[in-house]
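Let's start with one chain on its own, the form predicted on its own, as C-alpha cells.
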Amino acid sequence: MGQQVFAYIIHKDGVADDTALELIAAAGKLDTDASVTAVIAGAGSELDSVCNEVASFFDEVWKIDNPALAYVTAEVLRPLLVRILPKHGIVLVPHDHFGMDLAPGLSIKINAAYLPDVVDFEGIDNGKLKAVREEYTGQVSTHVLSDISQGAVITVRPGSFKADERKSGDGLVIDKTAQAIESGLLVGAHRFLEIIEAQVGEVDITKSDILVSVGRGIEDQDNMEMIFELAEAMAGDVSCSRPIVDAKWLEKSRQVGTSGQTVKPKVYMALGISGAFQHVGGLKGSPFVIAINKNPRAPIFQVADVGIVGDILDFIPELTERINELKSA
C-alpha cells in the first residue's frame, strides 16, 4: 500500500479503550506490513499513562498534551490533527459517538476519502480499497469500493475486528504538541460541562463476569422467568437488548449497547438478539460470545465464538436442566 496508517485512540481515566487493539487488527487487514502510529490527545499524567500503555502495542505514539484537552471535543481536536497528519495517510477511528463527530469533517480538512462504519476489509487494488459495511441493522452486507490513493479517514465498528494483543515491544512516544497547537489557545463553540454516569440498578452488569442477555426472541414477558433461571444456573446476571427495555420487561440499567451499558464480561450469552451494531457496540474486552437465534443470517453470528441456530424457547429450558444436572452430579 505504501501509505502511513494512523489510529486515533479513545481513552478514559488514564486507560486506553479496548478499540485501540481492534484498530491494530483492522490496520493489519489493510496491510499486513503496515507500520501503525497511534495518535492520542489529552492532558497531564493520565495522557502519559495511556501513551505508555499504548506504546507496548504500537510502533509509534504521537501525543498532543494540553490542559484544554482533558476532555477533548471533535471540534477542538480536528484542526490539531490536520497540522500533524501527513498527506495521503490512512486514519482509523472507532465508530462511536466521538468518532462519528470527528471523522467526516477531518476527511474534508485533509482532502481524503471518508468511509464510515466499516466491519471488514477485502483488500486494496491500484489504490482502491474494498471494504464491507452493513445495512438494515446488519441484515445486508454491502461491499464498497473507495479510492484511498489520496488518503482516507475510516471509522471502524467496535467489535468487528478481534483485538490484536500481541505486543510489538516498546514503541516510541513522540510529543507533537508544539506542532499541533500553534496559537496556544484551544477554543471551540462547544465546551465540556460534566459526565453524568448512568444509574446502577439492582444489578451492576458492568461488573458481571457472566451475562445471559435476552432480546425480542423471548416473545412474551411471561417467558422472562426462564432467562433468570438460566442465569442462576450459570451463576451469571441477566442483561438485555433495547426492545426488552422499551417493552418495560427489564429496567434500563440492564440494557447492553451504545444507548445502554458498556460491559466486559468473560462470557456473554445472546439469546434471541439480532446483534445490530448498536447492541454489539456495548461489548468490550473480547468476551466469549455464545449466540442462539432462529435467523441463520442474524448479525450476532458474525461476532459469536459459538453460534446455534434454534428457537431459544425450546433451547433455554433444556440447557438450564442440563447445567443443573452437571452441577448436582
Partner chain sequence: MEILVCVKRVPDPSENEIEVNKDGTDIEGDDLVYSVNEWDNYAVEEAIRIRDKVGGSVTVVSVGDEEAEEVVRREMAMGADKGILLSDDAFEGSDGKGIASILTAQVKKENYDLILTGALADDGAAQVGGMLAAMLDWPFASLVNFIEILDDKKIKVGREIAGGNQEMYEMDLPCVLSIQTGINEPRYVSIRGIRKVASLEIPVHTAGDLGISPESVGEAGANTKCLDYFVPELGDGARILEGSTDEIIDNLIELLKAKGGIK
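For clarity, a rigid core is taken as the largest C-alpha set superposing within 1.5 Å between two forms. None of these values were measured; they are calculated from a predicted model. Positions refer to the first chain, counted from 1.
Not on display, but discussed next: the form predicted together with its partner chain.
Site residues D48, V82 and T206 are none of them in contact with its partner chain in the predicted bound form, judged by any heavy atom within 4.5 Å.
Residue G260 is the only one of G275, G42, G260, G281 with a heavy atom lying within 4.5 Å of its partner chain in the predicted bound form. Note on the partner interface in the predicted bound form: the residue among A113, L250, I181, M224 having a heavy atom within 4.5 angstroms of its partner chain is A113.
Using a 4.5 angstroms threshold between heavy atoms, M100 counts as touching its partner chain in the predicted bound form. Within 4.5 Å of any heavy atom of its partner chain in the predicted bound form lies no heavy atom of F57. Y136 belongs to the set of residues with a heavy atom inside 4.5 Å of its partner chain in the predicted bound form.
Taking the partner from the other structure, its partner chain in the predicted bound form has a heavy atom within 4.5 Å of a heavy atom of V309. The stretch among 173-181, 67-75, 86-94, 158-166 whose residues place heavy atoms within 4.5 Å of its partner chain in the predicted bound form is 67-75. Applying a 4.5 Å heavy atom cutoff to its partner chain in the predicted bound form picks out F301, Q302, A304, D305, V306, G307, I308, V309, F315, E318, L319, R322, I323 from 301-323, in order along the sequence. Relative to the superposed rigid core, the position of the CA of N52 differs between this form and the one not shown by less than 2 Å. When two forms of a protein are overlaid on their rigid core, residues whose CA moves 2 Å or more are considered shifted, and A16 is not one of them between this form and the one not shown. When two forms of a protein are overlaid on their rigid core, residues whose CA moves 2 Å or more are considered shifted, and P299 is one of them between this form and the one not shown.
In the predicted bound form, the Cα-Cα separation between H97 and K248 shrinks by 3 Å or more relative to the displayed conformation.
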